[in-house]
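One chain follows as structure tokens, the form predicted on its own.
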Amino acid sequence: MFDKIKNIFKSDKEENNVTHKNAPKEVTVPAHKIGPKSQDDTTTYVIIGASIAGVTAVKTLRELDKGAKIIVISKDENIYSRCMLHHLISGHRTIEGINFVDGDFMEKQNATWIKKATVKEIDPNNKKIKYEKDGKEEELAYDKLLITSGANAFVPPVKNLREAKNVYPLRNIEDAIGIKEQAKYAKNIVIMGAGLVGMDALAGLVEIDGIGNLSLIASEDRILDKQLDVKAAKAYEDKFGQKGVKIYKNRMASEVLIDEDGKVKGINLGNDEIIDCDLLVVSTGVRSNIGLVEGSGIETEKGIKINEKGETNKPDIYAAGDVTGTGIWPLATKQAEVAATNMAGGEAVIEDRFEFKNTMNFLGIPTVSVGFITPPDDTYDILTYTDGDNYKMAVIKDDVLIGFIAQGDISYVGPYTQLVKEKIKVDNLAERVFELGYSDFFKIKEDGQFEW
């Protein structure tokens, strides 16, 4: 056990600096080697998408191949963090304020950026892509291609929902701008979906002075049901309730009511329970944006299938980020670094695929959720600890920590994350899970020295 957790006690500084949904961290790519490249052997790298995975790939490729031609093509004309869109809604940040790189990043990396363009086709046999920009179709050749086209908001097939006006997802910067503008005039705003994105939208809206009535529809018995247990969720529910938010739990929309102009005017929750609504935010999940690979022969499931090197089944085509089905920022970053390293002739693999960690801070309550917090059966132990506003919950099976929640005081979360991630067995864990310290991972050698 001691060898497995030798590096478990890293600084918890990043845990205390709370940023919703795992803001970007430094990620170390496994050791790699780059083969020699002649000066006149210029490689053309094409990257589809300009979010965190695409930007990370640009930086990595430029570090490894100084003379390469790097071309980025994206629908977006801005680089921004989707995790920060709610700050744009609240007015706490500007568009420039949610950019996670310098404004001249592409210029500094000597990369060509084709903005506001839509990829229509990928041709692996001829190593070309077709895209549309300003109504014109263009072709672009590549030597190596990286697909980081992200994901699209999923709008469920609720009656009238997909046709109604004044209905927005919260996925892109245009969505946030539209919500912010419509919120100025809306009297009754409803958020459909109480996951992380829905709570982001609510957190942004509730901060606007003079905002209209706010309602949240949660399909389960609590908000954030995949990240929080009932008690941790209640801390947020109560806090939002104090702000005037009405939460409808265990409810699902059966129909969106529209007026003669096609604008949303209400949400039917079934049994004739109607919520007045003139602005609806839909946050019911995302789907990987894999439409652009149709007909290319690139294999997909929920997302584009990749191996540990970031390679697809087609030569010289790689993928990273949400388009592969990955849902968190750090893993998208790692995938992009690994893929770019291999594209440039290096050797790297994705060694860490752990993505079951979420960090959030709504209305001043910091919370970290790690692993699986809802056991599938009664063979798991669930333990809780409360000290004032500080709360911890642990899910344990056979002396292995399966899930962990820390709310309020989130210091020392790093070791618990490592325990969950590495599935480390700790003797009598249920008896001392909230009292673990450094001494639990030391032993004394025969000569009196301490070792892990």
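Small disclaimer: the values here were computed from a predicted structure and weren't measured. In case it trips you up, residue 1 is the first one in the sequence shown, and so on.
One more form of this protein, predicted in complex with a small molecule, exists but is not displayed; see below.
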So in the predicted bound form, is the small molecule close enough to Gly49 to count as touching (4.5 Å, heavy atoms)?
yes
Using 4.5 Å between non-hydrogen atoms, is Leu280 touching the small molecule in the predicted bound form?
no
is_contact(Ala57, the small molecule) in the predicted bound form, heavy atom dist at most 4.5 Å:
no
Determine whether any heavy atom of Asp229 comes within 4.5 Å of a heavy atom of the small molecule in the predicted bound form, and answer yes or no.
no
Name the single residue among Thr341, Ser74, Thr312, Ser369 that comes within 4.5 Å of the small molecule in the predicted bound form, judging by heavy atoms.
Ser74
One residue of Thr118, Ser254, Asn213, Asn160 in contact with the small molecule, assessed in the predicted bound form (non-hydrogen atom, 4.5 angstroms):
Thr118
Counting only heavy atoms and a 4.5 Å cutoff, which of 90-98, 374-382, 254-262, 194-202 contacts the small molecule in the predicted bound form?
194-202
